[in-house]
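Coming up is one lone chain in structure tokens, specifically the form predicted alone.
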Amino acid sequence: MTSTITSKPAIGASLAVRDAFKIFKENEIQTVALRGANLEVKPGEFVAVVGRSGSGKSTLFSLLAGLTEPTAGRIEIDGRDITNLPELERSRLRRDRIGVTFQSGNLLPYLNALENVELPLEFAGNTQARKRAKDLLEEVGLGARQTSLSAQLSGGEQARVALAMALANNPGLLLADEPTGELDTQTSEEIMQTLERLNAERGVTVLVVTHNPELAARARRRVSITDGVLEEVKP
């Protein structure tokens, strides 16, 4: 990967979780995935939320990305409560302010790498979508793989395309769900270095959700989640 990320500096977004509960109901059974979770992330911070499988990480991630709503409590982006926003407004917020990478990569299999990165740019009305997409793929080290379909890419390459997609509209907040997944050590290191550069050089607020304590240790601040409860990890 190259050492710089193109485009103007981002203005880091603030993020807050305020007494959030998430309860799932199936017939007569209720599962409490989040229990009064609270979290405050300032603009430009790099935070890791670490927890085991089943701890509530995925639920928290979905709430932060505006993909689902809490049963009670609030989620705020830049001081704005997004909890009860209409879906169209939440979609616009994700498009304009939030970059999201999923553990699965979330690439469309019938599009090549370049087309996958172009897509969010076109939705945003970017008149130079192709050029911006090419630049981003160059930045994540995939300039030579632009025409490859996702099935033709390695797991590490798919992760890089997903990161380029998340960066397409110059977000102020980047949410990454298990960004290194089951990648090899070298590729994991490259992904983490890229996230660190984004945070340091462009001021992007980065929040990583992971089960990996070594990955979490790379963040400037760590928060643990156990049985749906968030707790600050002391340095």
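Residue indices: 1-based, along the sequence shown. Everything numeric here is computed off the predicted structure, so don't read it as measured data.
The same protein has a further form, the form predicted in complex with a small molecule, not shown here; the description that follows concerns it.
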Which among 168 to 176, 23 to 31, 39 to 47, 187 to 195 is in contact with the small molecule in the model of the complex, heavy atoms within 4.5 angstroms? 23 to 31
Residue 57 near the small molecule in the model of the complex, any heavy atom under 4.5 Å? yes
So in the model of the complex, does residue 150 come within 4.5 Å of the small molecule, heavy atom to heavy atom? no
Test of understanding: in the model of the complex, would residue 103 fall inside 4.5 Å of the small molecule by heavy atoms? yes
Whether residue 18 contacts the small molecule in the model of the complex should be assessed with a 4.5 Å heavy atom distance threshold; does it? no
